[in-house]
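This document opens with one chain alone, in structure tokens, the form predicted on its own.
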Amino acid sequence: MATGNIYAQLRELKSQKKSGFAVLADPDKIASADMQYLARLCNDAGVDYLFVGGSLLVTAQMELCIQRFKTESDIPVILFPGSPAQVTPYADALLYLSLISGRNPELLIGQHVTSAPIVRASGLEVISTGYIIIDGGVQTTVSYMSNAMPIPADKPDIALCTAWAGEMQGKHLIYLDAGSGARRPVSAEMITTVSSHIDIPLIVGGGIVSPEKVYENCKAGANLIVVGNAIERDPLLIRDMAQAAKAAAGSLQ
């Protein structure tokens, strides 16, 4: 399936050595009634994308959350699914995640086979994503649920070889994720090592709690920064983090 406008935007960020900022909303952690407030904060801050999804999704309010957000915002909504059940046509795009850092066949291709008919019928822009879990200093939900050993934080060469493998397999994006609630985010050294040696856009998330870290990661070569937990605790961080991403992009020109 062909990619569309959102992937073209991400490719443009890569080609221009710029960075965007995305807010991650987990429907298990945010009430659907709060999505309109979140949308207004994102609009005011100039957020580029809203990611929606979670590792568990034990509630059934994902679609309602997206619909509430869209009543207040034109910001594109991208699904960041933790399972094949997390697919809805109310979003704009889907990260079709393949856990290339793990050895669990279900997360490499098994769940994709199960979800393929639903995804094809959804009308979503499908973006094939090489998903790489990095050790964030604590076992996260995604590492536990995937039964996958994360790549050590001090092994950027392993991360790069994994990213190369994903790129040569035809993945459209690489996503380095330290996981929700990580004690330490992906290092600037690892981001630079991967970003400077691949031709596809790089997304980075997990453990990012300050605008300063957003700025550092963007300067290191991340094309899109994704923040969830820190914003759940303090939604007003959205503005400062979005500004940090834009400031880093400006300083690279």
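The structure displayed is predicted, hence computed values, not measured ones. Throughout, we count residues from 1 along the sequence that is shown.
Keep in mind that the form predicted together with a small molecule is missing from the display, and what follows is about it.
Notebook entry, point to check: Which one, 163, 173, 78, 182, lies within 4.5 Å of the small molecule in the model of the complex by heavy atoms?
Noted result: None of the others qualify; the residue that does is 182.
Checklist line | Partner-contacting position among 224, 227, 194, 50 - heavy atom within 4.5 Å of the small molecule in the model of the complex | finding: Exactly one listed residue reaches within 4.5 Å, namely 227.
Check: Is every one of 7, 127 and 167 in contact with the small molecule in the model of the complex, taking contact as a heavy atom within 4.5 Å?
Finding: Spot residues vs the small molecule: no contact at all.
Note to self: Would you classify residue 24 as touching the small molecule in the model of the complex, given a 4.5 Å non-hydrogen atom cut-off?
What the structure shows: Yes, residue 24 sits close enough to the small molecule in the model of the complex that at least one of its heavy atoms falls within 4.5 Å.
Notebook entry, point to check: Can you check whether residue 207 is within 4.5 Å of the small molecule in the model of the complex, heavy atom basis?
Noted result: Residue 207: contacts the small molecule in the model of the complex.
Check: Which one of these stretches, 173-181, 119-127, 145-153, 103-111, sits within 4.5 Å of the small molecule in the model of the complex when only heavy atoms are counted?
Finding: Selected stretch: 173-181.
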